[in-house]
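Shown next as structure tokens: one chain only, the form predicted on its own.
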Amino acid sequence: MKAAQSPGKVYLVGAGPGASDLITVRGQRLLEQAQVVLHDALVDPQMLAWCKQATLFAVGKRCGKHSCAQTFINKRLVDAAMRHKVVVRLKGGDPMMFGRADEEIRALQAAGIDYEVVPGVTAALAASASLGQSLTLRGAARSVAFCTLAKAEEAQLAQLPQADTLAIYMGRRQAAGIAQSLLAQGRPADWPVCVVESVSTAQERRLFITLDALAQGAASHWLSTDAPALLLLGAVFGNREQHASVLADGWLRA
């Protein structure tokens, strides 16, 4: 009697913030070895070109668009690992930062499937590098909070962290409401804000405004785009705002 095949291994790989050359060397090697790759919506096509030998499944989630249910993704990961030795779950940014990795890990553990997490560069750190501005600064910013308010209720908006620097993921559609809540919490009206879109890619652009301007809808013109945007708020961005120059399209670049 033929012995049953043992399950393979699932690798939760961080694709990084956007640019294909910001994935880790380990992540690229695993893509080149994988038999199956389940990937998020915003991964660079170059990364998928590295795994031509693999069967690809698009399982990304996009705000306001049709998305795969998490339970479906979990089941697909388990099914793939039962049939293949190397399965990659390619996740935007870092798998452990707003990537629902915990749910996928629990599903794999419940099925007795081995897994490994391969970290990636998260968007806030890539934006900090691109801007040439640290998220911390001696005497001005000793704490940083990473948060998301996707689908948050008004009560949650009122409970934003009190850190010196805020990095708010997936806050595009709630930007004005977020700013209004921060003003209600006592943040100054002239608190610097930097909106970074498509960080680390050739399409990256930045908008430098104040918290009061954000609250009044000054960034409403980027609500109509589908590109990923990150809200960065804090005194550390003040110098960038002062030295910004206006681009032809109305955006401000340092």
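Just count from 1 along the sequence shown to find any residue number. All values derive from a computational prediction rather than experimental measurement.
One more form of this protein exists, namely the form predicted together with another copy of the chain; it is left out here, but the text below deals with it.
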| property | result |
| --- | --- |
| In the predicted complex, the one of W222, W191, F57, W50 near another copy of the chain [non-hydrogen atom within 4.5 angstroms] | W50 |
| Listed residue that, although another copy of the chain is not shown, lies within 4.5 Å of it in the predicted complex (heavy atoms), from A80, I178, I73, M97 | M97 |
| 4.5 Å heavy atom contact, I23 and another copy of the chain in the predicted complex | yes |
| Proximity of Q28 to another copy of the chain in the predicted complex, heavy atoms at 4.5 Å | yes |
| 4.5 angstroms heavy atom contact with another copy of the chain in the predicted complex for D114 | no |
| Proximity of K85 to another copy of the chain in the predicted complex, heavy atoms at 4.5 Å | no |
| Neighbours of another copy of the chain in the predicted complex among 105 to 141 [non-hydrogen atom within 4.5 angstroms] | I105, R106, Q109, Y115, V117, V118, P119, G120, V121, T122, L125, A126, S128, A129, G132, Q133, S134, L135, T136, L137, R138 |
